[in-house]
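Only one chain comes next, encoded as structure tokens, the form predicted on its own.
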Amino acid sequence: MKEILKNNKELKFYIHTFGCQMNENDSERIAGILTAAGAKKSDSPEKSDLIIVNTCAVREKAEEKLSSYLGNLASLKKGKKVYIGVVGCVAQLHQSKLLDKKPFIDFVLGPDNYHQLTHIIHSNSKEKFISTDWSQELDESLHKLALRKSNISAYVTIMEGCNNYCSYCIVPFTRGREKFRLKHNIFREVQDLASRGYKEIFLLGQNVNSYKDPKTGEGFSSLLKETNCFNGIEWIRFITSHPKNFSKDTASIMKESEKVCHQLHLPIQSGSSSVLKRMNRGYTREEYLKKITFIRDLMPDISLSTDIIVGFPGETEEEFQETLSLLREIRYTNIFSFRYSPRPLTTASQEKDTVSLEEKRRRLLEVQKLQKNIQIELNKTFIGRVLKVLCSGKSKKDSHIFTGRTDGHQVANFKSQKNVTDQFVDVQISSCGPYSLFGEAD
């Protein structure tokens, strides 16, 4: 790619992202690295000299989508000179196998190797490049360079990796062991965001509750409490929490801190204690429900969301019904539900997948139907109320229709006669659907 820069041609890049908030944040950092190296972000693969695909390996379906997308890029490469890189979790998982199976790929980088991008774009080498080494510490330079998609809401990574080794989860193998940023570096980033007008931050990590400052040993509760003190930041969220690590101290700080949103994503995965044990989750149904009780005692208005996996190896109909009964009891504001799929290297992948695909589909549909009805009932309780909404954009079809999120992270679509993008606005809720609220700005 060096010849493009030599000829004073501006290197244009495009990033396609699969996966979670961590992947989205990684893509912002990748964009920052490339921009700092003299490249310019493009709005389509067809207009780009460099295409980077940031990948997710958490579920089999994500890899299937990746394979389809890469097939399209192979066709694109036949018609023009373009460099293609695959980065992230699938890159870490499959490494050189990706280059063998997809020879049109030019480079492969694992999550700890994005700093190599500068070398790649300034290199004259025609050789394929692969780098999937693990590092012991997080690269602070990447956080400084991040090219944010939003002008008002930002991810702030506090830790990466996971030490839990849930039996179904590939994350420890694709993201590595837990490592934490120094607290003062986190605060420096938060202060910088506040000075640039950002109003909302997401403290981000595979398991934020396990955070410990490498210098002082102070934990997540302390970090959350101190983050609340930054002027300019109005909303603070965090994701993801592991139920076994979520503490009463954290719940108390959520209640006491006026900037910390009363919204919590706490993945249960299954409502059955026996399935949770086979998943190596480290808690029972009863222990999880006790945590929900003390959270709601402190914050009756808390908005709860979760993850559900159906069809885990050996899951009986009785165990599945326990998941449905838990959904009825807790009544989450939102859930993310999935069919179990075996992932390489995990202990569960060695178990016989006893639940048929047809049965997994039935169970998933039953979970989603129940949750849809719960969400309709919960959303109806907001009709007639005025909710504070952080507006993230407007409709492409109607310039007076805007969208945003409430304190509880519900989607709110609303009418406004003026442009309120990137602003907080009070919205009178007039109607709802299962997945969003509708209203009008005051």
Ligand code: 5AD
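When you see a residue number, it is the position in the sequence shown, counting from 1. Just so it is clear, the model here is predicted, and its values are computed rather than measured.
There is another form of this protein, the form predicted together with the ligand, and it is not shown here; the text below is about that form.
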Pick from 292-300, 120-128, 214-222, 331-339: which stretch has non-hydrogen atoms within 4.5 Å of the ligand in the model of the complex? 331-339
Looking at the partner-bound form in the model of the complex, is I309 within 4.5 Å of the ligand by any heavy atom? yes
In the model of the complex, is there a heavy atom of the ligand that lies within 4.5 Å of any heavy atom of K183, even though the partner is absent here? no
Can any non-hydrogen atom of C169 be found within 4.5 angstroms of the ligand in the model of the complex? yes
H409, heavy atom within 4.5 angstroms of the ligand in the model of the complex: no
In the model of the complex, the residue from T227, S272, Q269, Q92 with a non-hydrogen atom within 4.5 Å of the ligand is Q269
Only one of K179, K102, R343, R148 has a non-hydrogen atom within 4.5 angstroms of the ligand in the model of the complex; which is it? R343
